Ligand SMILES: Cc1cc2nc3c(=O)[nH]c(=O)nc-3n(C[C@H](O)[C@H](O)[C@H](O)COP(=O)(O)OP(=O)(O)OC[C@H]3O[C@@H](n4cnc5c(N)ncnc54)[C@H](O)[C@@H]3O)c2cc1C
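Next up is one chain by itself, shown in structure tokens, the form predicted alone.
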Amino acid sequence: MDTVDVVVVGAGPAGCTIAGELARAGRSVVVLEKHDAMSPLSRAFGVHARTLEILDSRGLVDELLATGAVVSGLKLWDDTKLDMSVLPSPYPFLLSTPQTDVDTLLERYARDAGARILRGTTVTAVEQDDDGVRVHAAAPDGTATTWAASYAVGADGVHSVVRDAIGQKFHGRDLLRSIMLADVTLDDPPAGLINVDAGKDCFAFVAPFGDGWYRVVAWDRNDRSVDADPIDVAALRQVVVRAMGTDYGWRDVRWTSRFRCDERQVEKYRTGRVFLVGDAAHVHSPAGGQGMNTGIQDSMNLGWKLAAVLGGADDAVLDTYQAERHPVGKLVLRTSGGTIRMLLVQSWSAKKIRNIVVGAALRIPPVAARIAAMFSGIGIAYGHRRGENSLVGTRAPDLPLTTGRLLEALRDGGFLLVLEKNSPAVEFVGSVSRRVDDGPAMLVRPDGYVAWAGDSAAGEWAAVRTRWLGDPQSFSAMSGASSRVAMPPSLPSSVGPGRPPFGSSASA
């Protein structure tokens, strides 16, 4: 029996993200993946601003930016536009790039950090007790293997073996069947934006990859094909014409696929010592392009917490994963589902009302900014205690610091104490930097969220750190940094665009 700190099942973006986070924190982690090689399928194609910020905080963003096209927003029905350029982020756009580029980047991140990724290994059972988890699997040659660990993470997608093994029901409904995908070249492509539109019984998306190829996503209400059925390219092209009014000079096709989507979410992201992330925990409409992004952000939230508890923090810290991320999954189901239903309204009167209401909302700058923040992930916030600074639980903006940018200062993977511009020095076990503007001090978690904000001289940040990590002198969950700080385990959570979604460098 092999023994590690954590077994991760599934080597997609969510699985490789959490494996990389654990390994760079000095924890032993193995990833068990049933497929022999990385999937050539590239269903997702949009990387949102919050995910790009996360990748920046690990020194990975520049490589990914070089693979795709920067898209400033979405052009919706009736010439309505959602403008991403208003985002208060270093990345005020959506990056359109094949998911295979994201997969490649994050798998290499995990391997370089020291995670073991075993392909061709099929998990057959998961057992747990008070002392740990045992994950049973079949190696590529059929040999039975067992991995013992303190914790296990199911990142194995919509048909999760881990989810079934721990008895979590995937509550929800079927949504759309037989969504068609294709990568094509276009002689007369739409300029600059991701184009989204619908006909009477169909919809289509067209997105640039920046290399002459475009991703087409299309659905026909009357198509009864199953996922395994081949795609008739001529029929797909006609669906695009019906939805968009043109085929944009459709020419070459290099790849096609089908998938179906549901709206489902488990009730509990944690079951004892086993956790679910990404599509194993939630699936939803492709509208908004939030699926892959939400999974990566799940893993960033959970990864440092597992490392902290393995290093001596209170086990209750792990309950905050459910408290913080389950509402996010619920929000994504609601917003993506609402978006796809608006896209598919059929009556003339309903379309007219939709066009007027949505168009008017997106022409009001504060409303448009809030909607963009919600879809991009910039607006996701977690709860804070009464009396705490309103910045607590929000995503830390990329402030200029005396040592560079805030996102750069997070690259050691630990917690960061940001002092005021003119405050006295303090003793802190971990990374410390200083603002160059006039904002308050902040204690920033490894996932880029604010754990505490206020007057550093009062020393309140020390108690917050202790609530998350226990005695900082005994904390050993990091390599290269000896402490991490985050929100107190007992905090309630609230998520949504109604909270202050971000702070400027002047106010944060």
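It should be emphasised that the depicted structure is a prediction, and the values quoted were computed from it without experimental measurement. Residues carry their position along the shown sequence, with the first being 1.
Omitted from view is the form predicted in complex with this ligand, to which the following refers.
S.K.: Consider residue 46 of the chain shown here, and say whether it contacts this ligand in the predicted complex, taking contact as heavy atoms within 4.5 Å.
M.R.: So residue 46 counts as contacting this ligand.
S.K.: Though only this chain appears here, would residue 34 touch this ligand in the predicted complex if you measure heavy atom gaps against 4.5 Å?
M.R.: Flag for residue 34 set to yes.
S.K.: Though only this chain appears here, would residue 181 touch this ligand in the predicted complex if you measure heavy atom gaps against 4.5 Å?
M.R.: Residue 181 belongs to the contact set for this ligand.
S.K.: With the cut-off set at 4.5 Å between non-hydrogen atoms, does residue 303 touch this ligand in the predicted complex?
M.R.: It does not: once this ligand is placed as it appears in the predicted complex, residue 303 has no heavy atom within 4.5 Å of it.
S.K.: Using a 4.5 Å heavy atom cut-off, which stretch among 310-318, 228-236, 151-159, 182-190 contacts this ligand in the predicted complex?
M.R.: So the stretch in question is 151-159.
S.K.: Could you check which residue among 431, 322, 99, 271 gets a heavy atom within 4.5 Å of this ligand in the predicted complex?
M.R.: None of the other options qualify; the answer is 99.
S.K.: If you check 256, 195, 355, 122 against this ligand in the predicted complex, which one has a heavy atom within 4.5 Å?
M.R.: Result of the distance check: 122.
S.K.: I have 83, 88 and 372 flagged as a candidate spot, so tell me whether each of them has a non-hydrogen atom within 4.5 Å of this ligand in the predicted complex.
M.R.: Judged in the predicted complex, none of 83, 88 and 372 sits within 4.5 Å of this ligand.
S.K.: Within 4.5 Å of this ligand in the predicted complex, counting any non-hydrogen atom, which residues from 8-35 show up?
M.R.: Residues within 4.5 Å: 9, 10, 11, 12, 13, 14, 15, 32, 33, 34, 35.
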